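Next up is one chain by itself, shown in structure tokens, the form predicted alone.
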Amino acid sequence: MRALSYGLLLLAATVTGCASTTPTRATADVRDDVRARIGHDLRWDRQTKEDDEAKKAIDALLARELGVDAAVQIALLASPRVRALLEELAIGQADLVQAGLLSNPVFGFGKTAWDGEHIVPNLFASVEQSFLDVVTLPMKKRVAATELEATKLRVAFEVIDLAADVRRAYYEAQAAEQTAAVSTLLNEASQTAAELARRQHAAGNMNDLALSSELALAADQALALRRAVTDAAVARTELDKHMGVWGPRTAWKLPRRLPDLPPEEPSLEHLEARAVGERLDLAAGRRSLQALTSAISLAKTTRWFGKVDVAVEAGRLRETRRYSFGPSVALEIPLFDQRQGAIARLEAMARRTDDELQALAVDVRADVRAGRAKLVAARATVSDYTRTIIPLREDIVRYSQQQYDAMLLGVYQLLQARQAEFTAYTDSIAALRDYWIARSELERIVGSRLTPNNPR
């Protein structure tokens, strides 16, 4: 029995090992995945000295004119949502450690209901340990390790998804501020026209209908400016939320103009295959399916063994100070419960996960095609504004100015031409914003950046 006990202890020490509950390795793997796909650093704020350096870096980024990459980097360093995601790694690591631990031995102490022939007094003590745990421990650890791998991939995917949200919020905020600036100019022009109309009406050079038309137009532009300013304020708040900043850190400044179109688009020829092959949520799903397969194998392997408890019992021999030790084994007879329900449940979960993976792959392929179509259409719309609509509106204003100078055109027609030009500018801002949002959405679908220098 002593040999058995020593063997159990040795096996337990071998299979349990010494695992840390701190997910250092898992965090490093997620950081590498995120950096490889979007080029930004990820840090888990654990109130260390290095985290203080990260906070200084955040303040330095906010002190400069805020670019889209800086906004994403700030979110990855400061957002509580990122920290919450990284806690998933700690949970997975804790599950892995727990899966590698044996159940605690059970100490029993009691008194028999009868007088033992050789034991006095009729007291006994025992230590009981589940033998099945020792045997199945490596398989449980393997399942938990696979689940942790799936968790790492899922966390990295959600971090990348959050980065796409930041980029979208950034472009919306930048476009809203640029639109508000154009609306300010448009409103100033309208108010000038209204004031001129009032003077002409007072001098008897304008009828009531023309005056009312100009005043109504000025009032509409004032309302449009108010809406634009409100939209800009709301968009800034949304970007604050996605970056995870508040208080004094919200006093950042954006560039005055949205970036121009890139000279060319990265090749989209193999985009579908790339998304299906590299998206981390798909990879996480494959890992989850692998973990379920291992869990099914474990359940089937142990279904006929049941629970096996090995114990050592001790009692002092009568008329002597010697103690006697004796082994005991308790076997669970799998007569009724052969884990058939648990196995069927695991098999159903595996089939469901496989079906969900196939459905997700179909969705990803369709989303890539739709995202590409939106990107191409958005680029074409921006080109229409920059190459055709804006130049035509500028020509109309220039010709109107020439005719006005030659007293062939009234001042209101000239102002209307300028208002139409401002409206075209506003629409072109919206078109450029939609392009960058479409590009960010396509990057979200593919799961990585689509920079020309990194077409992957």
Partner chain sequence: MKLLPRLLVLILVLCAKTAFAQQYVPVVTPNGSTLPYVMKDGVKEFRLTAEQVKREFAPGMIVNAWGYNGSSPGPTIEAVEGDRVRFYVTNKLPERTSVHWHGILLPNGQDGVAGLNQDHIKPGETYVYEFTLRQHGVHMYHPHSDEMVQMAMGMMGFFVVHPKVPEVPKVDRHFVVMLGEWFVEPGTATPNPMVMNDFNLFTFNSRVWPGTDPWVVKKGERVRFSFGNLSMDSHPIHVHGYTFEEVGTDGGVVPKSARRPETTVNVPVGSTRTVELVANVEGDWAFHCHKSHHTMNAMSHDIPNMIGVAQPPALEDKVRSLLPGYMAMGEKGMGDMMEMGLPKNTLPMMTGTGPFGAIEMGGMFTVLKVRAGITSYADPGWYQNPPGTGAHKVDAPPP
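Positions refer to the first chain, counted from 1. All figures in this text were calculated on a predicted structure; none of them were measured in a lab.
What follows is about the form predicted together with its partner chain, which we do not show.
Query raised in the report: Using a 4.5 Å cut on heavy atoms, which of T230, T301, T192, S324 is close to its partner chain in the predicted bound form?
Result: The residue in contact is T192.
Query raised in the report: What is the one choice in L185, A359, A348, A216 with a heavy atom within 4.5 Å of its partner chain in the predicted bound form?
Result: The residue in contact is L185.
Query raised in the report: Each of V397, Q403 and L408 near its partner chain in the predicted bound form, meaning some heavy atom within 4.5 Å?
Result: Checked in the predicted bound form: all three residues contact its partner chain.
Requested in this report: Select, from the options 386-394, 56-64, 418-426, 26-34, the stretch whose residues sit within 4.5 angstroms of its partner chain in the predicted bound form by heavy atom distance.
Outcome: Looking at the other structure, the answer is 418-426.
Query raised in the report: If you check in the predicted bound form, is L196 within 4.5 Å of its partner chain, heavy atoms only?
Result: Yes.
Report task. Answer for A70 alone: is it within 4.5 Å of its partner chain in the predicted bound form, judged on heavy atom distances? Result -> Heavy-atom contact with its partner chain at 4.5 Å: absent for A70.
**Report entry** its partner chain contact at Q200 in the predicted bound form, heavy atom, 4.5 Å
**Finding:** Q200 belongs to the contact set for its partner chain.
Query raised in the report: Is L414 close enough to touch its partner chain in the predicted bound form, meaning at least one heavy atom pair within 4.5 Å?
Result: The answer is yes: L414 has a heavy atom within 4.5 Å of its partner chain.
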